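Given next, in structure tokens, is a single chain: the form predicted alone.
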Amino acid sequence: MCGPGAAVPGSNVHTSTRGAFMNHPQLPLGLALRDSARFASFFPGPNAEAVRCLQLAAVGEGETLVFLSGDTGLGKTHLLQAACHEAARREHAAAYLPLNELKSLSPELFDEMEAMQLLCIDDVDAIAGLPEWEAGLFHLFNRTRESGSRLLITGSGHVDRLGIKLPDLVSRLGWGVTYTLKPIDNDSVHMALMHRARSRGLELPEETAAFLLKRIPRDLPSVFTLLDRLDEASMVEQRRLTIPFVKAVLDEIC
């Protein structure tokens, strides 16, 4: 049985997307957005208003600056990558910058990013207390105001509790609309699992979903990572997601 601390193998790859300076000298090569990170696969639950706001921004409408806060595992990264996918689908230049992964590079990667129609900056608190990075992001804000770019930014908490030292940057982060993602309740995890399965065209019987949720942690990252693994296993084995098949997969990986 998978316990609350069990690790379920899965992919967690980040990147910039179409038109996002793939030849930018500061961006590492070999990055890719998760294909599964789409608006259609996100179960909005109590966050429908925030999702709708990001959907509008992705197509060049609505708010020009959105700050999304919330705990780990609520879907902030999924939503930013979904916005980049949607922008790219409409042939809008977009970039996704996961600062937690990029902060070992130079803040020069912000150079010319104001040319993007949509710029998604994930984990902004990762650069809190790093003067050059804070200054670089501050100047990028000013340039995007002139260029008309839309900014979607995430952080772990409210803008004034991120540990950012540059007051002007804190002020800029608070200029737009702010949403705090709320966790879905325990009863809605089953609905979220079924929603994700349907969005990927995966036939998941209700009784199999109920069995699965009794065997694994009910936090959404664990649930969705395991769903990815089951989808892969069912394609390789050419098997339906019956309870016996799911039990066999769980026994193998947990």
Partner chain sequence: MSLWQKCLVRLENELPEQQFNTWIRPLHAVEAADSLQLLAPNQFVLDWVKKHHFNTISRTLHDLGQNVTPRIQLDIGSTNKTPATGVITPGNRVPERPVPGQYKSNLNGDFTFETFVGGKSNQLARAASIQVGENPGGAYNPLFIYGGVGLGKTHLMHAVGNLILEHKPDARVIYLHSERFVADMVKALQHNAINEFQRFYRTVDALLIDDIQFFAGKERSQEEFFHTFNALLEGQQQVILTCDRYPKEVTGLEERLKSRFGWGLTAAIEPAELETRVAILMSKAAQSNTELPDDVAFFIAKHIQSNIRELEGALRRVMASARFTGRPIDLEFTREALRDLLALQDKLVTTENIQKVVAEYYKIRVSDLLSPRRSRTITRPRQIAMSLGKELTSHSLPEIGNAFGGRDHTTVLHACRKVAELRDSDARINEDYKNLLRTLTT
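None of the values given here were measured: they were computed from a predicted structure. Numbering follows the first chain given and starts at 1.
From this point on, the text means the form predicted together with the partner chain, which you will not see here.
4.5 Å heavy atom contact, residue 146 to the partner chain in the model of the complex: Judged by the heavy-atom cut-off of 4.5 Å, residue 146 is in contact with the partner chain in the model of the complex.
Would residue 177 count as touching the partner chain in the model of the complex under a 4.5 Å heavy atom rule? Looking in the model of the complex, residue contacts with the partner chain include residue 177, since a heavy atom lies within 4.5 Å.
Partner contact for residue 76 in the model of the complex: the partner chain, 4.5 angstroms, heavy atom: No - in the model of the complex, heavy atoms of residue 76 and the partner chain never come within 4.5 Å of each other.
Hey, in the model of the complex, is residue 154 touching the partner chain, heavy atoms inside 4.5 Å? So residue 154 does not count as contacting the partner chain.
The single option of 215, 198, 52, 190 touching the partner chain in the model of the complex, heavy atom within 4.5 Å: For this set of options, the contacting one is 52.
Which single stretch, out of 221 to 229, 190 to 198, 203 to 211, 42 to 50, brings residue heavy atoms within 4.5 Å of the partner chain in the model of the complex? Single hit among the candidates: 42 to 50.
What are the residues of 121 to 145, in order along the chain, with a heavy atom within 4.5 Å of the partner chain in the model of the complex? The stretch 121 to 145, when checked against the partner chain in the model of the complex, contributes 138, 139, 142, 143 at the 4.5 Å heavy-atom cut-off.
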